[in-house]
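First comes one chain, alone, set out as structure tokens in the form predicted on its own.
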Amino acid sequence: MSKIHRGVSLYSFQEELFLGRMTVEDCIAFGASIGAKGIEILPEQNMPEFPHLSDADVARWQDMLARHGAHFTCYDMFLDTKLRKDSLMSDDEQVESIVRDIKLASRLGIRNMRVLVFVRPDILARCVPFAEQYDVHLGVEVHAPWHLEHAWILRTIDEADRLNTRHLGILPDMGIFMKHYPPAFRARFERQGARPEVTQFIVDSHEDKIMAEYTIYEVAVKMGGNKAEVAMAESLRHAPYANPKRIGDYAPYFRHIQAKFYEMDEDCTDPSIAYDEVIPELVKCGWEGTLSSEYEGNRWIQDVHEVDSREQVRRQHVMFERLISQAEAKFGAKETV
């Protein structure tokens, strides 16, 4: 049996949840029906009782999961540092908020917490004793434009090494492996007035991995880019292609992956994110954890047709099954990282 498990973030269904077309239980039931039994939850969005869940509330959530043969995999925390207009949260208040989330995650039976990338390593170091006590891994989200070898991310890894803890590390978002510019992005910018010859230039620049600032300058200054064209060029700042071959070096520091995607083709392939390179590396190094679907394509298509998050997530899991099976046939079983 594969060491790589499949799951889904409830964030994937944000369109249907917002419009009232699905309930949280509908999302959980659908995930379980396609083998994505690990549920990543955003308590502030998905739990009306948050942050004051009673024991009865916790029991209701656990009963809901059990009805569908599902389980929680990750708790997405938020840190409202700007809660007050006149001042930011103090360091002590930040620690208090994170510790509150650690305790709630533990009560819910969740062992992984997605930590926002801006949370300072020294703040997290103060939370590590609680993470160890409640057995919750604090994974700093490696989200574009950051990447696995960004100095800010390496600070967290250095802090985990200094503390000699297995309860602090990272949590990669697969948006950092954007090998090709997403067709859905291009189509949206063209609907907003970007000229095809300019969008092709931007796509070609991304394909050649030209530094974003050069492309922005070319589009804005030399090509006289309009608002949509400049915005498309600027989107390259958040479209990195990290080297998939390095993922094994960092595998000991993460237990969960946010499997970001923007669109899946009808043949169940991702036209932009290099899952066909990442998943073999995960299998090769023996990584054990959950690939948690995070569909964010709704905002790129909702102006022209109805969003079907379920079909998009389903296609991604067909791809996952195929790629994991192929990689395991090639590399065989490995010791767990």
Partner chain sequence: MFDKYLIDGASVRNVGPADAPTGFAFEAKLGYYRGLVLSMIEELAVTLDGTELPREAVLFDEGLGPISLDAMETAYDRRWAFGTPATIIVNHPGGLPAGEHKLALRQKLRVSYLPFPAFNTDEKTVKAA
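In this text, all values refer to a predicted model and were calculated from it rather than measured experimentally. Residue numbers count along the first chain shown, from 1.
Only in words, not in the display: the form predicted together with its partner chain, which the text now covers.
Visitor: Which is the contacting stretch out of 298 to 306, 62 to 70, 25 to 33, 272 to 280, given heavy atoms within 4.5 Å of its partner chain in the predicted bound form?
Guide: Contact-bearing stretch, as computed: 298 to 306.
Visitor: State yes or no: in the predicted bound form, is some non-hydrogen atom of residue 94 no more than 4.5 angstroms from a non-hydrogen atom of its partner chain?
Guide: Flag for residue 94 set to no.
Visitor: Please determine whether residue 80 contacts its partner chain in the predicted bound form, using a 4.5 Å cut-off between heavy atoms.
Guide: Output for residue 80 is yes: heavy atoms within 4.5 Å of its partner chain.
Visitor: Within a 4.5 Å heavy atom cut-off, is residue 85 in contact with its partner chain in the predicted bound form?
Guide: Contact with its partner chain, yes.
Visitor: Answer yes if any heavy atom of residue 152 is within 4.5 Å of a heavy atom of its partner chain in the predicted bound form; otherwise answer no.
Guide: Contact with its partner chain, no.
Visitor: Can you work out which of 221, 163, 116, 211 has a heavy atom no more than 4.5 Å from its partner chain in the predicted bound form?
Guide: Looking at 221, 163, 116, 211 one by one, just 116 meets the 4.5 Å heavy-atom criterion.
Visitor: Which of the residues spanning 37 to 71 lie within 4.5 Å of its partner chain in the predicted bound form, based on heavy atoms?
Guide: Those in contact are 42, 44, 45, 50.
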